[in-house]
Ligand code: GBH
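Single chain ahead, written as structure tokens, the form predicted alone.
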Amino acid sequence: MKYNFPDDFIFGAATASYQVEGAVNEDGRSPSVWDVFSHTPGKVKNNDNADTSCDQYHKYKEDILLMKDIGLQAYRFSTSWSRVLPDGRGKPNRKGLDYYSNLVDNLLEKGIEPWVTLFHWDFPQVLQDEYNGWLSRKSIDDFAEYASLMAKTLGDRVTNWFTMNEFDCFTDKSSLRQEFAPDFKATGKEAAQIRHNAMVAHGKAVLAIRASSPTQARVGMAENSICTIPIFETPEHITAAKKAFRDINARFTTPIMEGAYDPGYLEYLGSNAPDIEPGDMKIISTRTDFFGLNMYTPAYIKAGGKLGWEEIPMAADHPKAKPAWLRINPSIGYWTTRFIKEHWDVNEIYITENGASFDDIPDGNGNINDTARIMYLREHLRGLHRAIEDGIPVKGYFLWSLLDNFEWKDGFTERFGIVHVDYKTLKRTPKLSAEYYSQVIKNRSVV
């Protein structure tokens, strides 16, 4: 069987500003919460930080040539709020804006379409100090101002925008679990308010981008919705997994897509429910042009229980990548996109992240034969092909990641890239998976 992709399907790769840019103290950039967090002893493995990381700030032209050699059609990158607005608001930093303008120009010169994410967790520390970040409604207008600035600056060349990346990772994973920046411990009530304010900010940013862009902008979000799959592909388990998808994602995906909190979620919160101002839910559910899905690991669901579904714990020896959390089942590409389409009749779905970390050790000749990643990519692309064959509108795939980079609390111990980075010399070496992905793009087929 051939696994051919439509002519208009987009093959790309993704990165995030704090993870790859470096140059944290250059050209007027102010610290983000991740700068402070990573410099706090014990917060990151080996006390790593991204002060230099891949140094894409200085090496972006080299990276774009790599993208062209691979054949990427699009590059999804994020802009640093504190690089373009060092005070979090007010006077823009011209050098920061020029960097992203030059990046976009160079991408377009090489025939690579820029897809811009406004927020990939690097909240300006100055605003975190002023009002505890997303806990304050002041963050909503400040984020909208930032969105407007970027749309005015890049909107003549950038068509496709993402407001935010993975709500859980800068809300609950920070404020409740304290695994990520900022180092702020929230109560249950405060955590719910942080979620709510972040979603209102998302909605206001959608409106701000459309109002400020000199050309017609298309806007969505990149969300790591929990990927539910039926334990068996039989009608009762498929129905259960579909319902579980909406229920499990009731914190973010469901209210954004429906304009209301799920009653069961509000009942669960009880007195910890967020304070909701008039008009908030309408703003949160502002129409988007596409759905961005970051997909990594499955949640197995069977029929049963009081909700009509039950989650099945994964076996200890279930296949996984190097990180313990990254369990593997490539059918998430089919089932999650199908449930998104069936629940909300979305017209365009993009896989905004999908990838895995492995022990990518160069051989004696300096080659990185990452066959595990090739297997991972091949099977996940087959899952997406199945979705497309079933009429599910999956329109593009952004592999995570172009480069090995700073992997948040894991520092430099995890390598997700199809291009190896020597963090001492900053030398880039395409892995075997880069050649594989290049062949996929060239043939427009799973090879």
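Heads up: residue numbers just count along the shown sequence, starting at 1. Here the structure is a predicted model, which is why all the values come from computation and not from measurement.
If you look for the form predicted in complex with this ligand, you will not find it shown, but the lines that follow are about it.
Partner proximity in the predicted bound form, defined as non-hydrogen atoms within 4.5 angstroms of this ligand, places exactly one of 30 to 38, 388 to 396, 401 to 409, 58 to 66 at the interface: 401 to 409. When you look in the predicted bound form, the only residue of 280, 113, 166, 190 with a non-hydrogen atom within 4.5 Å of this ligand is 166. Of the candidates 353, 370, 122, 142, 353 is the one whose heavy atoms come within 4.5 Å of this ligand in the predicted bound form; the others do not.
Within 4.5 Å of this ligand in the predicted bound form, a heavy atom is found for not a single one of 9, 379 and 433. Proximity of residue 156 to this ligand in the predicted bound form: non-hydrogen atoms within 4.5 Å are absent; the residue sits far from the partner. The shortest heavy atom separation between residue 232 and this ligand in the predicted bound form exceeds 4.5 Å.
Contact check for residue 173: a non-hydrogen atom falls within 4.5 Å of this ligand in the predicted bound form. Not displayed here, this ligand is kept clear of residue 288 by more than 4.5 Å at the level of heavy atoms in the predicted bound form. For the partner-free chain shown, nothing in 89 to 114 comes within 4.5 angstroms of this ligand in the predicted bound form, judged by any non-hydrogen atom.
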